[in-house]
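For reference, the chain that follows is the form predicted alone, supplied as structure tokens.
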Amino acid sequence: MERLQKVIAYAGVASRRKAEQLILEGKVKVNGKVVKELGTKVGMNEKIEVNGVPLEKESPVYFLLYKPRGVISSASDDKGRKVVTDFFQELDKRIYPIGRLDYDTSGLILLTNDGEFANTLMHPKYEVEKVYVAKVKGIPSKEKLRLLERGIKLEDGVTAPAKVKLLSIDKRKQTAIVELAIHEGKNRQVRRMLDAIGHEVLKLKRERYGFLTLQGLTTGEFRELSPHEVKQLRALASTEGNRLK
């Protein structure tokens, strides 16, 4: 289920703000009935009309982007900063990112116009494993890394156990490269986990999402997912959901 104004925006009819205005003005119908409440949620099979015109469902598309640092994981930004959809200027469909990567984090992010698919991958019950590589200040001890493996307390709760590897150290510069694999998607989670054990993140990159990697791409490049990859992601989310029950 998705908010009505989001569905209208995703269909490319109007911006979300304009869609909200159309709803309040009584110009939107769902299954033949006028809907004026902004909180209304609709499913994939609802018949939606805007100004008497049925909403056309776009054919779904799925992309993998190598997001550079300094880019917002959003379809728009009120401060005029570069956003992930800016890399898809020639695409005639309105797409949006699945989840987010921080402004200062680079790496793999997925984009689609398939709301059901996006919700499945983002739902806490179905969280797919994501692998990050971080360059940190200082050299973490085995004891500190074990804290991350057991789960560490943050302001918004204790994290689930992470898989952690110390990939390399630089004694001269007193820095280290650490790999973390997590299932959750808390805001700025990896940075906060490493901060919590006393190691500030200097650089962060998401290298893997489920079975997907950045292989063959350089920063700012993207590719379309194959039908088989989309099918695999759906199956993976379902499997992870069952595993975490």
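Note that the structure is predicted; figures quoted are calculated from it, not measured. Residue numbers run from 1 along the displayed sequence.
FYI, the form predicted together with a small molecule isn't displayed, but the following is about it.
When the small molecule is considered in the predicted bound form, only one residue from R208, H183, R191, K29 comes within 4.5 Å through any heavy atom, namely R191. Remark: of stretches 95-103, 153-161, 111-119, 82-90, the one touching the small molecule in the predicted bound form is 95-103 (heavy atom within 4.5 Å). Proximity of L204 to the small molecule in the predicted bound form: non-hydrogen atoms within 4.5 Å are present.
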